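In the block that follows, a single chain appears as structure tokens, in the form predicted alone.
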Amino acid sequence: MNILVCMKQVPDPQASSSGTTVDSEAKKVIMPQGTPPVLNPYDENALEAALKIKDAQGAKVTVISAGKNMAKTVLRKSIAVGADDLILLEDAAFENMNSYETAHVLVAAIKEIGEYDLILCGRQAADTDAGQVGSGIASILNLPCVTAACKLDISDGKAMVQRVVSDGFEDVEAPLPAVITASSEIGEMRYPGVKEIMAAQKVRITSRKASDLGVDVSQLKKPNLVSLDSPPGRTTDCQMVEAETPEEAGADLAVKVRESQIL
């Protein structure tokens, strides 16, 4: 069984947001200098789902990532935890791609690989939260797609998926090959040992440029980003309720809440 996992390198979502600015003219977010890159947490969930299948019934797991100036040490973590191959789509043309462009570039690499039974992605990226790449890949390849998976089992050429919905969970069955996007409920990615981390640094990485894939990002249809601005500042109107006893303060608060029609 061949499983492809699409992973994105993102600025560490746990890092301080102090210093993050929005360049409205360039329509881009400027991260503070020194913010470390990490694997997108949702994509780590997708990789863990692939590794669980590999543990249970055997599979070849290939990780694909696209971008510019990629942190190979960070991406090699996928090898350290158990992925078999790592393919980097690295080109200046792949910088700041939107979901539409990213999906097309990843599909070009997927078609070059040729053989696959399952494609896994994170449900969304920690930097943009768009959640469109997985569905985009499925649309381009004309494959069934199940989003926000919290449980995944493979049997008899089918994917049995439990997915997260607004009021609980939904069980879905899809024929393979299929695209599944993983939610955090599917499980955190396992931790690699020191030995595995050191061994991963010696594994040969396959690198592909836009010309190798026959992709011209500039010719892809782009959504029109009208504007990008910082969120408006929040105004606070705080009133302190004072009273001699907690009971009086509570009663006065209830009156003010009713008067303001908050409840």
Partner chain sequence: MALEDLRATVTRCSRCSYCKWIPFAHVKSWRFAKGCPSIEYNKFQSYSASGRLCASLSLLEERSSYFDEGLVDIVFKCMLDGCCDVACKINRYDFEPVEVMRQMRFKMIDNGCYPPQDMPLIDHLKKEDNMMMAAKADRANWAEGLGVKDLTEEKAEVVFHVGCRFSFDEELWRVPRTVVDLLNKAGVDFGILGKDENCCGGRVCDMGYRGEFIKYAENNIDAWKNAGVKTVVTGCSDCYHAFKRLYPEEMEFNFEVVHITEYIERLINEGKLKFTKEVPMTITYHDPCHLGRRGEAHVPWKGEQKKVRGHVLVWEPRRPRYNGAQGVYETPRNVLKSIPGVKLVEMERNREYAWCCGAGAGVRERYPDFSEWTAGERIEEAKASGAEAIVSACPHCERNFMDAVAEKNESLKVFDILDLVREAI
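Numbering follows the first chain given and starts at 1. Owing to the predicted nature of the structure, the values given are computational and were not obtained by experimental measurement.
Keep in mind that the form predicted together with its partner chain is missing from the display, and what follows is about it.
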item	value
Distance check, residue 96 to its partner chain in the model of the complex, heavy atom within 4.5 Å	no
Contact label in the model of the complex: residue 77 to its partner chain, heavy atom within 4.5 Å	yes
Contact test in the model of the complex: residue 194 vs its partner chain, heavy atoms, 4.5 Å	yes
4.5 angstroms heavy atom contact with its partner chain in the model of the complex for residue 16	yes
Contact residue in the model of the complex, from 71, 130, 140, 164 (heavy atom within 4.5 Å of its partner chain)	71
Heavy atom within 4.5 Å of its partner chain in the model of the complex - the one residue of 58, 214, 36, 223 that qualifies	36
Heavy atom contact within 4.5 Å of its partner chain in the model of the complex, the stretch among 100-108, 186-194, 143-151, 114-122	186-194
